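Here you get one chain, nothing else, as structure tokens; it is the form predicted on its own.
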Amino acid sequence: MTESTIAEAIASGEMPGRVWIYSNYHCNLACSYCLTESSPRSERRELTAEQMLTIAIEAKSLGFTGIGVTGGEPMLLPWLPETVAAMAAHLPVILLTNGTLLGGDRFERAAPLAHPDIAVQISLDSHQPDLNDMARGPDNFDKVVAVVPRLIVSGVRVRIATTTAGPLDSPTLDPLRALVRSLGVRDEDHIVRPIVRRGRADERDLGVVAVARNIPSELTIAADGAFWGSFGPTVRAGRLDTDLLLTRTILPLSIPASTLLATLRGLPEGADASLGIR
């Protein structure tokens, strides 16, 4: 499959335009619904800065329109902010982080992220500190609400992601929406999504059950290979899920991109289910 074929598929909407990158699997938190069972004790399974920049460069040449960076907790990697800024010179980047490693004396690490083509997406699941911290970890709420306004004032575009076990349009989320607005985040930058029953959530019987057709088919790259969607490289009971694995090869990016497109073209016709997964 040629590069022009991939570019045409992206331009027509046949294949999504964003590439997701799992920079690492370890994290300073251990959230109750984590897809990758990440924690301080997790195996790191990192990509290198060079690999991530190469993915961005090759993604642009293939016609992709954006990059997402997630983990694990990406900010545990000391070179991450500068690498994301370098990637943003090629394609717009969304960086997912829990935000807890950007406060206090470490705030200056966020300076490279004040870039017109970078958005920093921080998780916040409840307007009630105890409920938020029950799922995410001690003092998570206080750290997030403290750092978000500082980031915005410093020129960083901030998005908030809320992961919920309830209906996505529940009125019970209204106080959280009001809190997010008060922090300076626009409504269009507040993402509400369901818990997906994969990884640690599956072990705890949390969230919606999803098959491949329910999950946005965004090409996702991790140290373990290339996957269908950012919910693909999940870990359960310490073992990598391979049901959404496309290839073990991650570079050149044209190989997993071609595999994803061939897989999409092999699916039977029919409307995808809409569970609000994003």
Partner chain sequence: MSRTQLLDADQAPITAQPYFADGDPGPIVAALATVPELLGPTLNFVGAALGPGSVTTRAKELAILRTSVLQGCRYCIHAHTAVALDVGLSTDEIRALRGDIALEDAFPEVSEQTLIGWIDALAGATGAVPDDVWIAARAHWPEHALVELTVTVGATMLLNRLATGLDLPTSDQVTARLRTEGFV
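Fair warning: this is a prediction, and the values are worked out from it, not measured in the lab. Positions refer to the first chain, counted from 1.
The discussion below concerns the form predicted together with the partner chain, not included here.
The partner is absent here; in the predicted complex, the one residue of 59, 244, 47, 34 having a heavy atom within 4.5 Å of the partner chain is 244.
Of the candidate stretches 23-31, 246-254, 48-56, 61-69, only 246-254 has residues whose heavy atoms lie within 4.5 Å of the partner chain in the predicted complex.
Taken together, the three residues 228, 239 and 259 all come within 4.5 Å of the partner chain in the predicted complex, as judged by their closest heavy atom. The partner chain is not drawn, but in the predicted complex it has no heavy atom within 4.5 Å of residue 210.
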